[in-house]
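Single chain ahead, by itself, as structure tokens, in the form predicted on its own.
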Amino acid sequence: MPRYLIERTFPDGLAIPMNAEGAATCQTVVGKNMDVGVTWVHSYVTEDHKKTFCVYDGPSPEAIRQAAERNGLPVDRISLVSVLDPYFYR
């Protein structure tokens, strides 16, 4: 399955509370992603919460965009990526 890095901008900041409501929000995203064959692996959020870098597995960039649209999430850029591990030579 191809892996993608998705860059998103949230001008007002991303606000997901660190409680049961936030967990439910994330589970909703996961469920909607599954409908189009996309898996959210994890994300990095900038300190000001205005930018995220999300790692997703999915069949195509189009599927990633469909998942974002279903979840009402912005997409700035989708890049096909692969793992570079500092211990790959072992």
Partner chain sequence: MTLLERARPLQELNDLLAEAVSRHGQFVFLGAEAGGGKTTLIQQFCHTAASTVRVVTGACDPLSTPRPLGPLLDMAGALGKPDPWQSFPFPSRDGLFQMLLANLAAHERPTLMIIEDVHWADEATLDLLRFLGRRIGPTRVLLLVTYRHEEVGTKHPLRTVLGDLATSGVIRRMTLTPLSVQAVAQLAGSSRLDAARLHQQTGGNPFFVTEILSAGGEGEAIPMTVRDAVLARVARLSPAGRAVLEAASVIGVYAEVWLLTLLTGAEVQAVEECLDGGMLLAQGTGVAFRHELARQAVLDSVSPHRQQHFHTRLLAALTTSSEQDVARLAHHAEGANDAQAVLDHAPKAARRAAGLHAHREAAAQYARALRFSGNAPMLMLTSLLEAFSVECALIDRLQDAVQARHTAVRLWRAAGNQLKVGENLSSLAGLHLNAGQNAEGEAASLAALDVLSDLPEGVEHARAYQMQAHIRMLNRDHDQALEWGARALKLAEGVADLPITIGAYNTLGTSLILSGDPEQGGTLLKRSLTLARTAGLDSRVASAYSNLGSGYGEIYRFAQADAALAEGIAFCRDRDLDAGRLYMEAWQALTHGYQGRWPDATAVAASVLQHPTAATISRIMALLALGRVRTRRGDPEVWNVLDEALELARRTATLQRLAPVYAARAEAAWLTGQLQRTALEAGAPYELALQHRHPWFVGELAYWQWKAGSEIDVPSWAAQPYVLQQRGAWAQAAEAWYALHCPYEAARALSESTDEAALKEALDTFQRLGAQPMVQWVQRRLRDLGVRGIPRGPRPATRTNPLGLTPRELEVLSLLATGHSDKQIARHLTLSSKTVGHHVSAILGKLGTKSRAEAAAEALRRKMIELK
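Residue numbers count along the first chain shown, from 1. Not measured: the values here are computed from a predicted model.
Just so it is clear, the following notes concern the form predicted in complex with the partner chain, a form of the same protein that is not shown.
- For residue 31, no non-hydrogen atom is located within 4.5 Å of the partner chain in the predicted complex, even though that partner is not displayed.
- Taking the partner from the other structure, the partner chain in the predicted complex has a heavy atom within 4.5 Å of a heavy atom of residue 61.
- The closest heavy atom approach of residue 79 to the partner chain in the predicted complex falls within 4.5 Å.
- Residue contact check for residue 51: none of its heavy atoms lie within 4.5 Å of the partner chain in the predicted complex.
- Contact residues in stretch 4-38 (any heavy atom within 4.5 Å of the partner chain, taken in the predicted complex) are limited to 4.
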